[in-house]
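Presented as structure tokens, the chain that follows is alone, the form predicted alone.
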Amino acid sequence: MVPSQLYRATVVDTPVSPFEGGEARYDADSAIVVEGGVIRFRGAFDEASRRHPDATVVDLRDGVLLPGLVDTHVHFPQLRSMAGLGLPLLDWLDRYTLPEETRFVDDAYAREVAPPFLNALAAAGTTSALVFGSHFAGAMREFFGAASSSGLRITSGLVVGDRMLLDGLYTTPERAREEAAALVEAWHGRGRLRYAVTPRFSLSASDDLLAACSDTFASRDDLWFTSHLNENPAEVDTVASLFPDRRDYLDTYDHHGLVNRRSVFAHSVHSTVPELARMAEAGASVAHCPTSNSALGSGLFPLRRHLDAGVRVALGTDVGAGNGFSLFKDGIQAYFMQMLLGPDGVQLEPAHLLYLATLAGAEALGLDGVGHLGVGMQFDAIHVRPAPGSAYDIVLSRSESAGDVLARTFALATTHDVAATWVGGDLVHARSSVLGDEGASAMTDPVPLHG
């Protein structure tokens, strides 16, 4: 039996949405006691020591302890196509992304890419992710196998399309149903894995294929659904021409029963008032991907309109259009974009950024017990420790409030500052050279990856 762990640290989280009046919770030199992967105590270190005298103490005071980050939109087969700059969405897909995705027809190629992709998530402090999968069932078997060993909370599924893609990526409605059913049977609910029905987007999915997706989605009441929505003006116009009988882009999905509480739509940069109202009514969520939106010139995300409509919003890195796995980077980019919108934007405070990167994502993905570091929650957490003498180290050492800590972390921290990542109390990533041998040895063993 793994002994209880007592983590001594400065702890910051957002147990209540700052968009609904919540504030960042900040405890300097605090203690969190973890037993069986669950937080059993949070409070003063002296009191924790008295209550749990046998707990193994892990001293993390040389940084800050935050909830694990939740990425609501990231592409597994786009790891090696990152940093393709200079093109809008549809041209970027044709030149950089779709050719790379055809390579996943080879199971061995998928087996080679999956572990570094999952390692990159953990190294960035991401503990849960909604992952756009591959078009190939064999590649998805490889990915789910690696994800099962990674210890991360992964929701993913077979991507399907039957038009306007490259040769080799097409499927049929019948094959989509059969392959999804097999993957659901093999992987959904296995450990920390869940299945998401994933048409690429309506531009590449006919009504018949979306109907097949609907059949899969309706086959169980605990599957998830994800796709793209209103990312780029040319995409939006093309979808409108392909579905002349639909009210709008969202209705191409809604017509088939694909819009509900378990639906997460990436981007939503150009969603209309009726679309926002329908998403709010259905309880669907939006994955806001600010670095991707900037890189592809997709537009400035109308956060205020989403919030006013009551649409749930979280963050996604959108690798590979996004330029990295760090939700710190996407958080600060979200801040920049809202500033550029002026009076139409939302003045984001540091607490908003942490919420969008943690609890908002957990809520969007229906991950109960994940998203903050309160008693009774799963210990999904990251230790962020700056390199000595770095700009981040200099300003973090002078932080005296939650706002200071979070502003400086989102503005300056990188994946290299994530010293350790835990999921359900399991250590899934550690930079031992940063933590030190004593700190690393006091933690639970990391979960090995395939590879």
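Counting begins at 1, following the sequence as shown. In this text the structure is predicted, and so the values were computed from the model without any measurement.
What comes next is about the form predicted together with guanine, which does not appear here.
Although the partner is absent here, residue 288 is not a contact residue: none of its heavy atoms lies within 4.5 angstroms of guanine in the predicted complex.
Among residues of the shown chain, residue 140 is not one whose heavy atoms approach guanine to within 4.5 Å in the predicted complex. Using a 4.5 angstroms limit between non-hydrogen atoms, residue 78 touches guanine in the predicted complex. When contacts are judged by a 4.5 Å heavy atom cut-off, residue 353 does not count as touching guanine in the predicted complex. Picking from 195-203, 364-372, 180-188, 146-154 the stretch near guanine in the predicted complex, with a 4.5 Å limit on heavy atoms, gives 195-203. Not one of 70, 358 and 382 places a heavy atom within 4.5 Å of guanine in the predicted complex.
For the options 126, 292, 134, 268, the one in contact with guanine in the predicted complex, meaning a heavy atom within 4.5 Å, is 292. 321 is the sole member of 250, 321, 176, 114 with a non-hydrogen atom within 4.5 Å of guanine in the predicted complex. Residues 75, 78, 89, 92, 93 are the members of 74-96 with a non-hydrogen atom no more than 4.5 angstroms from guanine in the predicted complex.
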